[in-house]
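Subsequent text provides structure tokens for two forms of one protein chain, presented individually as structure 1 and structure 2.
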Structure 1
Amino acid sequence: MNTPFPSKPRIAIVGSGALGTYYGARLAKAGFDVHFLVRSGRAAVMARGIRLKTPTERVQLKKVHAYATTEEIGPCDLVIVAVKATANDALAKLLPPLVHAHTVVLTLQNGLGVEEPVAEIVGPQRTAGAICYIGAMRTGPGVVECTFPGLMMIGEFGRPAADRTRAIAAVFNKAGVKCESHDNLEEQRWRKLVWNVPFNGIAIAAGGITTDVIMADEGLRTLARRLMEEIVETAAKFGHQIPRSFMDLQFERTAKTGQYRPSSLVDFQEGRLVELEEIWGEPVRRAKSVGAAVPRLEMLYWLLRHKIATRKGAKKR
């Protein structure tokens, strides 16, 4: 960890969904040495490259280093894990060929308990995580529409930020991705749950509704608040102090967002895997492990688990 992070790192992108494609293309466009694992649509990506559309610009990356296996990529300085947590089983095979003694494996996954599976494979000292506040959608192989470039927050797994963490943030910033390093990644993850747990959850549980509908219904809006309070109280038991003003801010922002379809609802409705355990299941288990009462969160988890398990035509976890 005290080995200086190279200023020109060799970078692997594992996962060719919206996030992997977006960040990888940004980094490559800025001149970094980026290698993409692309398991479906690789021919198209190699032939036509990557195209990003953002609110302010269009980015085209003509030459893409795309591979079918991580063995072909080989060891890198930075490995960005951009597959969904729901695809974690595959990581045990994908990651080992990519690491050397000082590799940093940065998982972009959502929710709680996402660093642990990476740490089990590559070791905790190689493990870091990022929380991505971004709106991006993959519309085809190598084609990503980014509606909100947002912010990336990175941190180490179970430790404060180190020199290498700040070096990685600098790499992203050079590539035009706003990135901050944080000393307490876990707290940032709990903060993200403060919004994700209620709004992603109620959107699905109430039958597929957008955030403006939640905000307009007094009961559902109050429920969102109660769920936030359960998250904040549980986080406090783990030493993360999230002020009430942070909850107020979530409501103020959501009120301004209008008709927004939370990402988990999009996943649910489009038959994609939903991060059930990472967003709802793991917080319930952590709450129970410290005796925090989370009756509404647990009820939401049970309702969502049933809905997801019985959804028609969906991919299984």
Structure 2
Amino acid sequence: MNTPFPSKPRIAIVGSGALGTYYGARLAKAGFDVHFLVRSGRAAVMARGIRLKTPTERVQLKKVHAYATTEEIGPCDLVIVAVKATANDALAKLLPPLVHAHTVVLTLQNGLGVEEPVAEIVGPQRTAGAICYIGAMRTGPGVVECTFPGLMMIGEFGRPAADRTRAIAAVFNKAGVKCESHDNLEEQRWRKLVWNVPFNGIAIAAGGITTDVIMADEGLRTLARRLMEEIVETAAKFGHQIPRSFMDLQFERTAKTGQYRPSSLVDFQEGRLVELEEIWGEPVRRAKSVGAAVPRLEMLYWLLRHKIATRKGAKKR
């Protein structure tokens, strides 16, 4: 698609959890035209606005354009999908009212295979993805605490970065979000798994522990590294070369987050659906498809599958 991306896009945020609220508020505070789909706590958001807390600042957005349906929002230039991948069944209804001929739909979801459901609905030419290295938690309607603002990396689905990709990255940078465009989105997804697979998984499997406990325990820290190695080796089978130094960087960053509860652990403990297949199941299946041995990853997948299935009050996928 060669149509120039508008410098002042109309933006929809689909999903007002931690990421949708954080990035949407940043964009709106920077002067962009942002419209939030808020299906729970909308009255509180409209009355009190959005509040963000980071290690260095407090951000308040007093006026919020919040809607109960995407039909009320209407077509936008940029649609940011911030719902969990476990809610993708709802996208077939949510996305069409937001799309016009040149809309870009950017999914922030974790794991592998998350662009495909979006592309099936809006078309691959409209689909892009983002990998978010961020530590953020929604503590109430419109309230987000961000311990690590980090970095966002965006790319096109199945294509190298285009002018519009770089234009969207520029929009986020103007909003104070460090954002880079990349030619190989799938490689970036494998890179994100280097952290997500061990830290989200071990946090749940080891009984609901925070990342500082993993870092302080020699055995768990070693297990995390071995899981990382399996991801890196599998990614290489698909032509994605991730340097070993990238694993060291994940440990350095994690050491700075303190008593951090990974998002999958939060979902598990609060009885919500966990992105089991996207973060653990799909990497196992892809590893098997190319003959890569991932014994620790496969064991972790089955442990998590059992724990999630037998959790009290577990929701069906």
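Given the structure is predicted, the values throughout are model-derived calculations rather than measurements. In this text, the rigid core denotes the largest set of C-alpha atoms whose superposition between the two forms falls within 1.5 Å. Residue 1 is the first residue of structure 1, and the numbers go on in sequence order from there.
Visitor: Decide which single structure shows the form predicted in complex with another copy of the chain, answering 1 or 2.
Guide: Structure 1 is the one predicted in complex with another copy of the chain.
Visitor: Quote the shift of the Cα of residue 255 between the two structures to one decimal place in Å, the two forms being superposed on the rigid core.
Guide: C-alpha shift for residue 255: 3.9 Å.
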